[in-house]
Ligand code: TUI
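Quick setup: one chain, the form predicted on its own, written in structure tokens, and binding and motion questions come after.
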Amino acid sequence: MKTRITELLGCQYPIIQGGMAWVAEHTLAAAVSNAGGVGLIAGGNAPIDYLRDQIRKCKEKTDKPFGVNIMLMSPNADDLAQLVIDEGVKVVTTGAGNPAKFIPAWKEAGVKVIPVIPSVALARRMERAGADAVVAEGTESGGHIGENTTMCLVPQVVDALEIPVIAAGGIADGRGMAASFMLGAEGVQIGTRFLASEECQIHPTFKELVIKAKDTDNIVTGRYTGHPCRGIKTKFAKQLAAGEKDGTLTPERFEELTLGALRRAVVDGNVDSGSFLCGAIAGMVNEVKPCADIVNEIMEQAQKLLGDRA
């Protein structure tokens, strides 16, 4: 399948793996890239030395294109922005802020810049700033979310921009990919489906929660802090939501309880105090498979559904 995204990124398939904090490390990124997509290493708040090592290890495992996701609200965003240039990373996705100040240097270094956006207004700003493409991410996504759904957001962003659009949020199979293409997207970003991949290094408890999740087993917490997050409906998540709703949990206390909660989920598998961030599509994810199998199944189904459009 050839689109402006495959041409832009030099990949076989227009599938990008989500840059999930604490999850998207070099093993997963390399596996997705070797499968024909584009894997991402999540920058998050990780130390620069660690991220440099992750990038170099990924290069050892794949000669295919891969990228780095930079969370712009991170205190080390400036250093990571320079690191991707120094290490010759060719793809950068960004979230949680405006990357405009970094784009000129990235473009000069030949880096393809793809901001993740939750609105048409921000998408337009990113195009004016020189972005090569955008990821239009609907509220169905795991982790930090906006309020607009993928079905509503993607076509509006497509209509507003000249650069290609990648759809994200609620996509786990070829049907979701085909639907995204019918809305005008030229690629998809997938996160939750890759949580249940053999190469994903998350705690086994996290994987088990994903594959056992039903359609109603996701929850959004943190709206009153200004940073809503979607995850699996554990007892801890329900306690957060209840405290948020009845006012017994102040925003400050909420932040205290959730500090480090993602690490406790990903690394420790701690269901009592961990935040298992995951998309609303988890109810469709029922089996752990290699990344190559996941990508191939998505592509085969999407191409069959799209027919001549593929």
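Don't overthink the numbering: it's just position in the shown sequence, from 1. Predicted model only: the values in this text are computed from it and were never measured.
Beyond the structure shown, there is the form predicted in complex with this ligand, which is absent from this document and is the topic of what follows.
Requested in this report: For the three residues Gly170, Asp173 and Gly283, verify that every one has a non-hydrogen atom within 4.5 Å of this ligand in the predicted bound form; reply yes or no.
Outcome: Checked in the predicted bound form: no contact with this ligand for any of the three.
Requested in this report: Give a yes/no on whether Lys90 approaches this ligand to within 4.5 Å in the predicted bound form, heavy atoms considered.
Outcome: Contact with this ligand, no.
Query raised in the report: Does Met151 make contact with this ligand in the predicted bound form, using a 4.5 Å heavy atom cut-off?
Result: Although this ligand is absent here, Met151 would stay clear of it in the predicted bound form, with no heavy atoms inside 4.5 Å.
Report task. Using the partner position in the predicted bound form, report whether Pro155 sits within 4.5 Å of this ligand, counting heavy atoms only. Result -> The answer is no: Pro155 has no heavy atom within 4.5 Å of this ligand.
Query - Partner contact for Pro118 in the predicted bound form: this ligand, 4.5 angstroms, heavy atom - result: Because a heavy atom of Pro118 falls inside 4.5 Å of this ligand in the predicted bound form, the answer is yes.
Report task. Pick the stretch from 179-187, 210-218, 92-100, 79-87 whose residues have a heavy atom within 4.5 Å of this ligand in the predicted bound form. Result -> So the stretch in question is 92-100.
Query - Selected contact from Ala42, Leu277, Cys58, Ala35, since only one has a non-hydrogen atom within 4.5 angstroms of this ligand in the predicted bound form - result: Checking each option against this ligand in the predicted bound form, the one that comes within 4.5 Å is Leu277.
Query raised in the report: Which pick from His203, Lys112, Lys233, His144 sits with a heavy atom within 4.5 Å of this ligand in the predicted bound form?
Result: Result of the distance check: His144.
Query raised in the report: Quick one: which residues from 110-140 get a non-hydrogen atom within 4.5 Å of this ligand in the predicted bound form?
Result: Contacts from 110-140: Val116, Pro118, Leu122, Arg125, Glu137.
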